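In C-alpha cells, one chain follows: the form predicted on its own.
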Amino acid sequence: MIEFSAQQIADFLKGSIIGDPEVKVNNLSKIENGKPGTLTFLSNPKYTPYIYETNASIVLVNNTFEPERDVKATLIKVEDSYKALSLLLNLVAANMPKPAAGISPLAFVSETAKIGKDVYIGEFAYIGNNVEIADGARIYPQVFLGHNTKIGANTTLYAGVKIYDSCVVGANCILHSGCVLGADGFGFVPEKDGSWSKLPQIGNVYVEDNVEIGANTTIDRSTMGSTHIHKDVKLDNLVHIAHNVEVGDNTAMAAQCGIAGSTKIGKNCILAGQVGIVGHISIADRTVFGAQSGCSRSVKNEGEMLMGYPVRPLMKYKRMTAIEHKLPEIYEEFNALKKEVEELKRN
C-alpha cells in the first residue's frame, strides 16, 4: 500500500482531523489489533472500547463520534466511516499491480473468437468458438468459456471460472474462482416406472453490468429464455440460483442462499446467509430476509422485513421467539392448572 498522511486522507475523504495531520500510514488493520503505521475505522458501536486502546496511527470515525477520554490515534471524522473505508480500499485496489494485457501462449483461443483491446488471457484458459471478449477484460488462468459466450468490457474472471455455451456477462463484472454459469437447470420428468427423464435446458444465463459473483456460486441455465441477473446484483460465495430465476437490480445475497426455479426476486432486496426460497413465486422490491429464513409464498408488499421458517414479519417473529423460550414454564403452569381443574371437578 502507498504511504499517505492523515492530511492527504482527510482531503480525499473531505473529512476533518483531530490530532496530528502529518502522521503517515502504509497499511490497514483491525481496530482491536491495530499497529503503528496503519489505518483502521470505527463503525459498529460495540467496537468503541477498542478506540481507546488501539495502536493504529489513524482511525476513521463518524462525525457523530465524541470520545469519552483521550485517544492516542489521530481521528479523521467523516459522514460515514464504513463508506469512507470503501473509498480508500478502492483507491488502493486501483494502484495494485494487475496482469499485463496479452494472451498467454499456453491459452487456447479459437480462431473464430473476437478479442478486444487490452485483454488479458492467462495460462490454460479455454476460449471457445465465436466467443466475444470486450476491451479490458481479464481472463485468469484455467477459465473456461464455452462456445458463443460474451464477456463485457473490463470484466474480470478469476482462475477456474467456468461459463457454459451461449451465456452472457456484462461490463465491469467480477466473477470469483470456482463460479459456474450455465450448468443445466435441475429439470427431470418422472416416469411411470419411477425413473427420471432429463428435460433439456436450452436457454442461457444473462448477467447484466456491475455484477459481482462469489467463489463457488452456481447459476443454472434456463429451460427456455434466460436465467436473468440484473445490474449491480451482489452474490456471495456458495449461492445457488436455479433455472429461469430473475434477480432484480441491486439485490444482495449472503453465503449459502438458494433460490429455486422460476422465482422472481425484486430490486434492492437483501437475503442474509442460508435463506431458502421455493420456486415459482415472486418477491417484492426492498424485501429483507433474516438469516436461515425459508420463504414458501410470494411476498407482495414492498419493504417487508421477514424472518423464520416459514417467514413472518420480523416483529411477529421476535414475539413468537420470546414466547417459545418460555414454553417449558408455560407447560408446567398448564399442567398445574389442569390438575386443579380436575380436583375441583371431583369435589
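All values reported here derive from a predicted model rather than from experimental measurement. One-based numbering along the sequence shown.
Omitted here: the form predicted together with a further copy of the same chain. The next part is about that form.
Residue contact check for K30: one or more of its heavy atoms lie within 4.5 Å of a further copy of the same chain in the model of the complex. None of the heavy atoms of N301 is located within 4.5 Å of a further copy of the same chain in the model of the complex. Although the partner is absent here, N95 is not a contact residue: none of its heavy atoms lies within 4.5 angstroms of a further copy of the same chain in the model of the complex. Although the partner is absent here, Y52 is not a contact residue: none of its heavy atoms lies within 4.5 angstroms of a further copy of the same chain in the model of the complex. For a residue to qualify, one of its non-hydrogen atoms must sit within 4.5 Å of a further copy of the same chain in the model of the complex; none of F4, E22 and N63 qualifies.
This chain lacks the partner; the member of G136, G266, G160, G170 within 4.5 angstroms of a further copy of the same chain in the model of the complex by a non-hydrogen atom is G160. Among V131, I76, I229, A125, the residue placing a heavy atom within 4.5 Å of a further copy of the same chain in the model of the complex is A125. Interface residues of 201-224, taken as those with a heavy atom within 4.5 Å of a further copy of the same chain in the model of the complex (partner not displayed): I202, E212, A215, N216, T217, T218, D220, S222, T223, M224, in sequence order.
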